Ligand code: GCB
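The chain below stands alone and is given in C-alpha cells; this is the form predicted alone.
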Amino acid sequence: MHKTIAKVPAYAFLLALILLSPQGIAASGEKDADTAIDFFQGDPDIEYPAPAPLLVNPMARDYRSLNGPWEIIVDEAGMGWRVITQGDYFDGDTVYPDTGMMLKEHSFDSRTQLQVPGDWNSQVPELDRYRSRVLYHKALTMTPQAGKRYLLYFGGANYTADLFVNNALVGRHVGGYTAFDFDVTGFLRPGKNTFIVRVDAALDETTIPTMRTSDFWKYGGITRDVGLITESDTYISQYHVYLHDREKSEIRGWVQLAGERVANRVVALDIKDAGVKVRIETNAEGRGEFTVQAKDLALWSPESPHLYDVALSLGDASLEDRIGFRIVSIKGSTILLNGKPMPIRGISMHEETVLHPGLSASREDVMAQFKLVRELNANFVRLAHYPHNEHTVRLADEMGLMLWSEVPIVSLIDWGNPATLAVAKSQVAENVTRDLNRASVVMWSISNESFPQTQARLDFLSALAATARELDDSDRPIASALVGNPKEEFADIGKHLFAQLLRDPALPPSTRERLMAIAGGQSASGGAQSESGGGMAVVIDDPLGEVVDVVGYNEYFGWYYSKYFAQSLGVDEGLMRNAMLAIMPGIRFENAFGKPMIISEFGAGAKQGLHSDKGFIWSEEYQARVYRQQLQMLAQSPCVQGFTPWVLKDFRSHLRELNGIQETYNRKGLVSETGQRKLAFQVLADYYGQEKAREEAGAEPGRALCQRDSVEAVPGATGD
C-alpha cells in the first residue's frame, strides 16, 4: 500500500482526498470538481476581445513611454491564465508572509526581467530557441481622470499578445509585426495598476508567417515600443493627407474621430508652409473628407526629401505630423515618381541591427542600417519580409529612402483557412493604416514567393490586395515577389548549360563522352554565348501578376540552380557553377502582363573573412563574382525597373545550420551580422555609384521600354 501511494504525485493524492471525502463533496460539490479540473486545463474556451481601432502617429500624442525593464515569468507550462486571473503571483511589492500559509508559486520581481522593446531570444541565452509563452509585468501608479480615455499602444509583439489590466482580460492581438492598441479606460483605478502581457511566440501551419517555410528568425517578445496614451473623450484616431493631383498641387484626405461625440465635429487642418488651412466637418460616423489646393508645393523625392509640418486640431487638442507629398504611378511597364521614371537602386533588409544581437528596437538601430544603405549608393529598400518598426519608415521619410513594405505571407500558407485569411487581412490593414502618411512607402507588398499556384492561393492574395486598395486612397502600387515554373522551364536553361559545359576544356573526357552520349552527339555550338546579349528570356506568368501592379521576382542564378543541375547531370558542381556564370549575361527577364518588374532578390552566400584565390563557394570572392555577373545580366533586361539584392546583412535563420559557415545565419548579406563589409558590398556600391552619376547628369533610368519578343521563355526558380 505504501508503495502504491508513493507512485501517485503529491498534488493528485491531495486533490483526490479533497474531492472524494464526504466533507469535500458536501462542501464543494460538482462545481468545485469542475474548478479543480479547470486548474489543469489552462485557458478557458472564450472569444477574446479584439484591439481598439489603431491610433496613427502615437508618439505625437500625450504619450507615456513604458519602455524599459519589465518583470517576466516564463510560462512554458501554459498556466498563465490561472496565474493572472486568480492573482496567484507575487508582483514585486508583496511581502512574503511570515507564516508560510499563503502559497504562491510565481513571482514578478526585479530578479527576472526583460528589456522592452526587445526580443527574448537575444537577451537570455536559455531562451534563444524558446517558442512558447512569457508573461510580462509592469506596475504603474496613476490617477485616471474623468473625461479622458486611456489606450495602451504596442508597436508590435510576436506573435499572440493577451493584455490583462489589474488581472482582468482586456483583449487579444494576433500577428507579430504590426502595431495595435487597447482601450484600457474602464480597467484602470486610482493608485497602483498592474499590466500583464502574455506573449506567445508559437507558430504553426495556420499562422502568418508559418514556422517552417519562412527563412528568417521568429523572434519572440514585446519587440517594439510600448506606451500609455491619454486622449480626450473625443479624439482624432486616424487620418490620411496625400497629394492627389501633381499639376494642380491638389491635396486630398480624410480624418476619423473616435470616442463619445464624433458626429458633426470640426477638425482644422493646417499646413502653414503650403498655404493650406481648411475646416473638415465629420459625418455621423466621425469621418470627414477634404480637398484643398496647396501653393508652391515642394515634392518629396530621394534627391529632395521635403517634409511639411502638418497640424490637425479638434478643439484645444492638436496632433502634429511631418508629411511628404509625392505621387507614385504606373504607365505601361514603367513606375513613375512625380511623373518621371523612378530610379530604383535597391537592397533588401531584415529588421536586425548591426549594433547588437537581435532586432532593431530604436532609431539608432535603424540609422546604423541606413548608413550602410547610403554607403551602397542605394535609394530603395525592400523591407523583408514583414512590416518594420515605425522608426524605420519615419527615418526613411527624412533620408529620402523609398520603401517596399511587405506583410509576412511567405511560401506555403494555409490558403483555404478563413481564420488564416482573417489574420492576414488584419496585418495588411494594420500595416497600411500605420504608414498611410509616409511618403517613403512607395508600394505595398502582399506576399513573397507564395505557392502553389492554386485558385485558393489566388483568391487569398486577391483579398489582401483589395484590402490594401480599399484603405489607401492614394493608389500606391501593389507588389509581390512572384514565382516561376522551374519544373517545365529548367529544360531550356539546361540546354544552354549543357552546351557551355561541352565548350569547357576543364571538363573531364569521360564526363564529356557521357554527356555527348546523353545528347545524342549534340555539338557545343548551341546555347547562349557568354558575354552576349539575347538567347534566353525568363518570362514570369504567375497568375498573381494579373492582381498586382508591380511584378517582383526572386532569382538565384549562380547560387541554388547550379547545384540542382550538377546533381541532375552528374557533373562536378564547380564546373557547373562556372558554366552558369558564363551563360548569365545572355539571360533577360520579362513578364507576361506588360507590367513594371523588379528583381526582388538575387545573391549568393559568403562567410565574411573567408577568402579563396580559386573563388570557391562560400568565399567572398565567389559572392562578388556572382554579383558582377548578375549586374551584367540584369542590365540587359528593359522590363526590369530595378532590383533589391538579397540581402544587406547576414541575418538569423532557423533553416541555416551549416556548422563552420552559417551557424543559424543566412550568409547572403553584403555585410556580416556585425557590419563587416564583404567584397560584394563594394561591387554593388560601385555599380550604383555609376547609376547615380548618370541620373545626376540628367539621364533617365534606362529601362523604360519593355516589350516581350519571340524568344522562348526560360524562367528560373525561387528561394532566399
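In this text, residue numbers run from 1 along the sequence as written. The structure displayed is predicted, hence computed values, not measured ones.
Not pictured, yet referred to below: the form predicted in complex with the named molecule.
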In the predicted complex, the one of E351, E449, D435, D162 near the named molecule [non-hydrogen atom within 4.5 angstroms]: E449
In the predicted complex, the one of Y136, F380, W217, W646 near the named molecule [non-hydrogen atom within 4.5 angstroms]: W646
Candidate site H385, Y560 and E601: all three near the named molecule in the predicted complex by heavy atom within 4.5 Å: yes
Contact flag, Y556 vs the named molecule in the predicted complex, heavy atom cut 4.5 Å: yes
Exercise: K692 in contact with the named molecule in the predicted complex, heavy atom 4.5 Å: no
Contact flag, R656 vs the named molecule in the predicted complex, heavy atom cut 4.5 Å: yes
Touches the named molecule in the predicted complex: F651 (any heavy atom, 4.5 Å): yes
Segment assignment from 180 to 188, 422 to 430, 548 to 556, 243 to 251: heavy atom within 4.5 Å of the named molecule in the predicted complex: 548 to 556
Neighbours of the named molecule in the predicted complex among 654 to 685 [non-hydrogen atom within 4.5 angstroms]: R656, N666, K668
